[in-house]
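Form predicted on its own, single chain, as structure tokens, below.
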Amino acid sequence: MLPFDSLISAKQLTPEIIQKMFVVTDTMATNIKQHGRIDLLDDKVVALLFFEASSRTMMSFQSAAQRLKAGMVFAQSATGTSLAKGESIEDTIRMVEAYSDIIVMRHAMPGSAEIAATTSCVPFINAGDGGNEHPTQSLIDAYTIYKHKGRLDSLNVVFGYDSLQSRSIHSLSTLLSQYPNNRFTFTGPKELEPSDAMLSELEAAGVNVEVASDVDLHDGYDIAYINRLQEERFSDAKLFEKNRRKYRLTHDKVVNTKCLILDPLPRIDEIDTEVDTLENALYFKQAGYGVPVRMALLAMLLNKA
């Protein structure tokens, strides 16, 4: 069903694969409405390993597995597992693959997903590896854009406000870079601008890229993808405190625009609650799409879609 056994990076998600996944996602969404739960994975066990804090990703994967009637084994936080005793990621994966048919893992170390996927004999899904990537979030983001814009090409997108450290920004910009005529503007503190390597990759893919200290969302933008400053990844706490409330999307900045407002959440300081009342504020719908998207991914990786 998919040309890979494990999902590690958004680079694996070509437009052809994404379109197939959206068809399955629509089917899953219909099944939720009509039946609540279906027995598609009632003979499978899903391992959920969340060694870094999570709410939406963890719970939506749980919901996805339950709605497919899969069994689950679950670990939350590294301190409650043998990782706290010094066990390696490789040994943890070798153990868990004996208990399950597919592994979903979040880990604080960049590159941990590749280590796990290389080790695992069962399908593996990266649910976030430090500040590196979050490919399933990029699928949800792209699905949200597609449902409300009808396309993933010819988009004028603003990314803010921590493009250096946000794995969600990294993965979505990578995914959208595969579609023609997209334009990206990265905004936020100068210290949190995207890396030169990231900008070079996007430009090589054909994206028109700009970095700006500030933007006006009334200037014809299609998408504002806003993510919090990643407090847990700052080596300098003073830099975080200096900027945490300086960059904030308020009602007046987006009212009377057609710009869709997305945020992978959690929301901390980056979007004022008054924005929630606007029709183009989609971040809670976006979070809800996580269940059918992850249902589709689990089913497709297990050849059950």
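Throughout, we count residues from 1 along the sequence that is shown. All figures in this text were calculated on a predicted structure; none of them were measured in a lab.
The same protein also exists as the form predicted together with phosphoric acid mono(formamide)ester; that form is not shown, yet it is the one meant from here on.
Listed residues Ser173, Gln137, Ser166, Asn126 were compared with phosphoric acid mono(formamide)ester in the model of the complex; Gln137 is the one with a heavy atom within 4.5 Å. When phosphoric acid mono(formamide)ester is considered in the model of the complex, only one residue from Leu260, Val254, Leu265, Ala70 comes within 4.5 Å through any heavy atom, namely Leu265.
The chain is drawn here without phosphoric acid mono(formamide)ester; in the model of the complex, the stretch among 235 to 243, 29 to 37, 273 to 281, 47 to 55 whose residues come within 4.5 Å of it by any heavy atom is 47 to 55.
Phosphoric acid mono(formamide)ester is not drawn, but in the model of the complex it has no heavy atom within 4.5 Å of His107.
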